[in-house]
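Here you get one chain, nothing else, as structure tokens; it is the form predicted alone.
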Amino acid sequence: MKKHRISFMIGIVLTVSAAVLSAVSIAFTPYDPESMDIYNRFQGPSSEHLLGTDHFGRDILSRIMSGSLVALSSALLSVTIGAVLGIALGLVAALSPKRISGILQRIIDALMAFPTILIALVLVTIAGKGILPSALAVALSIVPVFSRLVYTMILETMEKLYIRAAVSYGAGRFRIAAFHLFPPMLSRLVVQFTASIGNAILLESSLSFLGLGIQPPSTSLGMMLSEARGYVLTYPYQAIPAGIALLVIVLGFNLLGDGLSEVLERGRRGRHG
């Protein structure tokens, strides 16, 4: 099996496993993720608590299931918002007069010049803590990625002969965008969307680790790592499961994005070759 197909299949297995675990947590978890049991804290893995309990006696497996659901839902929300805004901004910048396009491009460049985590930290500090502010912060960091991608693809496509022909026949810019520009871009946008989910989960976890993201009583993988860092030497099983869960989810989406990119690119070459 070729390398890109192996990455694609591994990515599918990891992401589907994370999605199934998250979906199950909606209806069932072994214990209440927020139920404290001080008398049974720092319990190691056992038949009663498969991954042990934390410093408040909460079941770690239940918290990982709940945290995975929060991570995926928050990432999907933030990437969707960021993709919609970025695509709209890139479309307007590509189809507008040069002066307006230049201003929009400078805005995009300014957003890309700042480190992603810095933008998120500033926004969360201004808007406050919680799921929605952190999702909006992550979304804004994703906007320039999609806007630059759409802007570049539109400029490349506008040089095609069939686009020039449509312009010569009097077709409007938005009609050209709807019927001639977006269809060729869909595959690359899907790949970027998939890859951005892993980055969004990692960024949200970083904010939660710093105490600026998702707040209790909601559960976050980043929050779990932050809470466990004080006990990492004495009770390592508190941090390891959450770290592995975060690694698996992010790695899964990254591999899925890379594999999907290769599959779609080879399919495109096959159609045109």
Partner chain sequence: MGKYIAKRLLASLAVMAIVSFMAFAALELIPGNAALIAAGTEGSASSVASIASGLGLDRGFMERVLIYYKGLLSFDFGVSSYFGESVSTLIRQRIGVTFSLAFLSVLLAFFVSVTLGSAAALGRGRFLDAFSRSVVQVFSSIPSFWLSLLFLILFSSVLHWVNVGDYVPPSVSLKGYLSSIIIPVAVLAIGETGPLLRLVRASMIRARNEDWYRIGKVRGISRIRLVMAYALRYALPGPLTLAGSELAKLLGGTAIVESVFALPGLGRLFLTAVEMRDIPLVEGIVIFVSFLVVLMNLATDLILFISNPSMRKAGGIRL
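From a predicted model like this one, the values you see are computed outputs, not experimental measurements. Numbering follows the first chain given and starts at 1.
Keep in mind that the form predicted in complex with its partner chain is missing from the display, and what follows is about it.
Its partner chain is not drawn, but in the predicted bound form it has a heavy atom within 4.5 Å of residue 209. Contact check for residue 81: every heavy atom lies farther than 4.5 Å from its partner chain in the predicted bound form. Although the partner is absent here, residue 225 lies within 4.5 Å of its partner chain in the predicted bound form, judged by heavy atoms.
Put simply, residue 121 is close to its partner chain in the predicted bound form: some heavy atom of it is within 4.5 Å. Residues of just one listed stretch (22-30, 35-43, 60-68, 231-239) have heavy atoms within 4.5 Å of its partner chain in the predicted bound form: 231-239. Site residues 12, 150 and 154 are none of them in contact with its partner chain in the predicted bound form, judged by any heavy atom within 4.5 Å.
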